[in-house]
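Heads up, the chain below is alone and in the form predicted on its own; it's given as structure tokens.
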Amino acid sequence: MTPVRAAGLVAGVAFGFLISGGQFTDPDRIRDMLLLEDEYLYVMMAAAVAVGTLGSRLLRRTGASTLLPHERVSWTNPNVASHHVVGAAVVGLGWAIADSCPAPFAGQLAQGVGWSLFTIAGVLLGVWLYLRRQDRSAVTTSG
């Protein structure tokens, strides 16, 4: 296993424990959030976005490098396009239906929540459909 993959595995496992401990895998907590009856998950997400935004901007400003593969921290800001809005709507709809988003379903599966398999199946189907559409677009543009 390469160092980058090992670091990704460690970070992924740590993330799974953190979202489980933060109650992001609890369907009742998610449902209450979506019904605007409980602000806990909104506060947690806002705190994560604030820390991530400030931290990444500080790293970029200081010229820091990533731990692996030692590249400068940088990014571009693409303009919002219609596919961004459609994608956000699809994720939001799926989140409302499944009481889960892509991060918690893995934690739910690890906790033995059997119905998370349906969410995983939906995510995999969505990825497959997206990749299939991309392949068709590549063939159409190149042919």
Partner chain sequence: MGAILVGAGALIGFGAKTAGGCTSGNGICGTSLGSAASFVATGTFLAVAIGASFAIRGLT
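Numbering follows the first chain given and starts at 1. All of these numbers come straight from a predicted model, not from anything done at the bench.
Unshown form predicted together with its partner chain; subsequent notes refer to it.
Candidate site formed by Gly94, Ser100 and Val123: every one of these residues places a non-hydrogen atom within 4.5 angstroms of its partner chain in the model of the complex.
Among residues of the shown chain, Arg61 is not one whose heavy atoms approach its partner chain to within 4.5 Å in the model of the complex. In the model of the complex, its partner chain sits within 4.5 Å of a heavy atom belonging to His83. For Val90, a non-hydrogen atom is located within 4.5 Å of its partner chain in the model of the complex, even though that partner is not displayed.
Its partner chain is not shown here, but in the model of the complex it comes within 4.5 Å of a heavy atom of Glu37. Contacts to its partner chain in the model of the complex (heavy atom within 4.5 Å) from stretch 103-134: Ala103, Phe105, Trp115, Phe118, Thr119, Gly122, Val123, Leu125, Gly126, Val127, Leu129, Tyr130, Leu131, Arg133.
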